[in-house]
Ligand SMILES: Cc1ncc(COP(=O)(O)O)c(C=O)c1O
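First comes one chain, alone, set out as structure tokens in the form predicted alone.
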Amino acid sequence: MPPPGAFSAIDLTPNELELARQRRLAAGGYLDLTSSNPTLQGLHFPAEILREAAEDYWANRRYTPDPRGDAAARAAVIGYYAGRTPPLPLTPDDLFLTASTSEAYSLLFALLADPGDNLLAPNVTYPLFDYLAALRGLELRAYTLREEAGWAIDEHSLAAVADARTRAVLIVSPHNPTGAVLRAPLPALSQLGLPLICDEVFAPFAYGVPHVPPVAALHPDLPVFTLNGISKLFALPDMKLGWVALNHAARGFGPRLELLNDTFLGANGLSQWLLPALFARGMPFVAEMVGRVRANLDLALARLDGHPRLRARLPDGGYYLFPAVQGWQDEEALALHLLDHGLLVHPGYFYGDLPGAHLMLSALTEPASFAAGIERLAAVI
């Protein structure tokens, strides 16, 4: 029997790929196509904006916590959603500022479900959901994303896996790592009638679609909790601020979510103070990031077009490519093979159990390194 406590049954020893990565790093390094950390890829939010915006904070610093978050910060978020396509109308009481998007998920899991309940999550996704659900004693049930349809949600699978203890559906749009965007209402979601937890941290990064619509605007009939934050939007993962936006149908959950957020009060004062300046002056920097990702995706798709073994689909958005690799079944062996040739990628099984072999490539990577990595990938495969 494992000892009591969170994650006590998980084997946390490094796997073979991590051991190989460490050996390769010690032997001289590799080209890294996995990084999602903008600060390690030369993308730094303009320091002068941060300095100027923070100056008054230090002179007027007071701790006056609000369980929904600083009023000026919430007003800035409301303005951001008013400018989305289509707009998402919000009131100040519809916004809750949190320490991070991860904390926002944790609060919503506690708000919507009891231990033993289940949530529906895509069968391809980043593993954060598994750990957060385990902390709450919840089961994740996988609905299917259809690769042949551009990773669209299989509506039949939603109904097939839901039962009387299903409490919410998790949606990531643009999806990580496939880039799929939910573009229109899904009748199956309306028929289920469950709350939606919508992660839209990659919303600015539209690529194969003209814009990323807020899911809450597509489904006003359902309680929708929209998550985002400054880590991806403004390349500020070190400053950690997230939020939850409630659409009109979700407002009845507001009082209990207020109490949950008040229990932790995780959102720090400085990041809340800076938020209006980030939205007012930071969008040119966001456009610069989006431009880099688009240029990298353009380069990769052009280079891999017609490749005999690599099948890279044009993503709707986000900043990843998730190509299928023909002729391989063992994704770890494939990743180790590439690492032997000085290229680090994430194998598809990091994100779910899928037929065939897939790789995750980050188009946030510094352009020269990304181009060299794509060239090496195409040559080695």
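Note that residue numbering begins at 1 and tracks the sequence as displayed. Just so you know, these numbers come straight off a predicted model, no measurement behind them.
What follows is about the form predicted together with this ligand, which we do not show.
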Out of 110-118, 262-270, 207-215, 228-236, where are the residues with a heavy atom within 4.5 Å of this ligand in the model of the complex? 228-236
Is residue 144 near this ligand? Define near as a heavy atom within 4.5 Å, in the model of the complex. no
Even though the partner isn't displayed, in the model of the complex is residue 96 close enough to this ligand, meaning a heavy atom within 4.5 Å? no
Heavy atoms within 4.5 Å of this ligand in the model of the complex: does residue 201 have any? yes
Are any of the heavy atoms in residue 100 no more than 4.5 Å from a heavy atom of this ligand in the model of the complex? yes
This ligand: the contacting residue among 151, 126, 80, 285 in the model of the complex [heavy atom, 4.5 Å]: 126
Among 189, 172, 275, 90, which has at least one heavy atom within 4.5 Å of this ligand in the model of the complex? 172
